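Presented as structure tokens, the chain that follows is alone, the form predicted on its own.
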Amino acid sequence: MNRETKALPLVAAVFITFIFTAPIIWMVMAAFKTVVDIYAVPPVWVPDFTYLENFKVLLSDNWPFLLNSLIVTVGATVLSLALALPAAFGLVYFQFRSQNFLADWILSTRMMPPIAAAVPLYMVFNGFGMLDTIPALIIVYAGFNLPFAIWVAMSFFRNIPREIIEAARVEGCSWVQTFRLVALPLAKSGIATVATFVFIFAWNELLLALFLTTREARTFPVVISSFSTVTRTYWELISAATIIQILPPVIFTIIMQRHIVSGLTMGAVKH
């Protein structure tokens, strides 16, 4: 195989990578441009990265909605883990009738697209006076992430040697103590993996937030969508908001990276 043939896969990989990253690169550059520079012909290829006016204008009016996104995302992640981990532990280690049916039914509820439940959720929360509230979004996001979180957590609990769980029971630990003191520490990498995926889903979700909020509980993705109007698209604000929107998941994933890699490996083999 000659050198040109060996270089073809590398060239193809670089080209495909560029195609997928080009919109992100354009957004990053546009965030530091004026409106005139964004529409300039010929294009302004190198923006002034000290120009932060777009971020100042964006955050001056919309920082409460960014805070809403953070509260809703963290709340939904914590609630999902608080419910999913005990459920997954019970489905793995407790023996009861219709155990497999219950696990399959939980997974099947995740197959429904969240927007299909928008109207019933609107009616329920309207009846309880919870429309346009942060607790409503936390409940909804946690509920839709729960089946996924349970099934992923089950795969990690299954990889804990059953002998360890049985030894803890023989030593006199209750099921609660076994779960808290034995299973959770051994499955911490899997917990980090579940938390990361739930965090990303909740942080980026748009349709349900758009449907269930009006003003007070609006999240940042809803704010970004509002910058595209009938008369104009505010590309400078969309670009600045996009950078802010992608930072928390990236930072969270980097922090959890070591646990995520080991967690994915831990759940990869079925015994």
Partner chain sequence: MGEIVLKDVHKAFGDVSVLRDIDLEIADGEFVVFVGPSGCGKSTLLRMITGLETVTSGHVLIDGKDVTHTKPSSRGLAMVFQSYALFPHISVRDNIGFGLRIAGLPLAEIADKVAKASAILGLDALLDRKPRELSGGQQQRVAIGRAIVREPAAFLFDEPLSNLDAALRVQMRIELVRLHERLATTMIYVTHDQVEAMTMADRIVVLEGGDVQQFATPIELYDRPVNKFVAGFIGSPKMNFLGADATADGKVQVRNGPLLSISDLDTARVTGPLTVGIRPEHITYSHDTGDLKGTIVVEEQLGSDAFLYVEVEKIGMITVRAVGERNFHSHQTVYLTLPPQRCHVFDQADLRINMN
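These numbers come from a predicted model, not from an experiment. Numbering follows the first chain given and starts at 1.
In what follows, reference is made to the form predicted in complex with its partner chain, a form of this protein that is not presented.
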Quiz item: Which of these stretches, 139-147, 75-83, 158-166, 115-123, has heavy atoms within 4.5 Å of its partner chain in the model of the complex?
Solution: 158-166
Exercise. Select from the listed residues Met130, Ala103, Leu186, Ala87 the one whose heavy atoms reach within 4.5 Å of its partner chain in the model of the complex.
Key: Leu186
Quiz item: Is Gln99 one of the residues lying within 4.5 Å of its partner chain in the model of the complex, judged by heavy atom distances?
Solution: no
Exercise. Classify Val182 as contacting or not contacting its partner chain in the model of the complex by the rule of any non-hydrogen atom within 4.5 angstroms, answering yes or no.
Key: yes
Exercise. Look up in the model of the complex whether Leu107 has a non-hydrogen atom within 4.5 angstroms of its partner chain, and give yes or no.
Key: no
Quiz prompt | Contact flag, Cys173 vs its partner chain in the model of the complex, heavy atom cut 4.5 Å | solution = yes
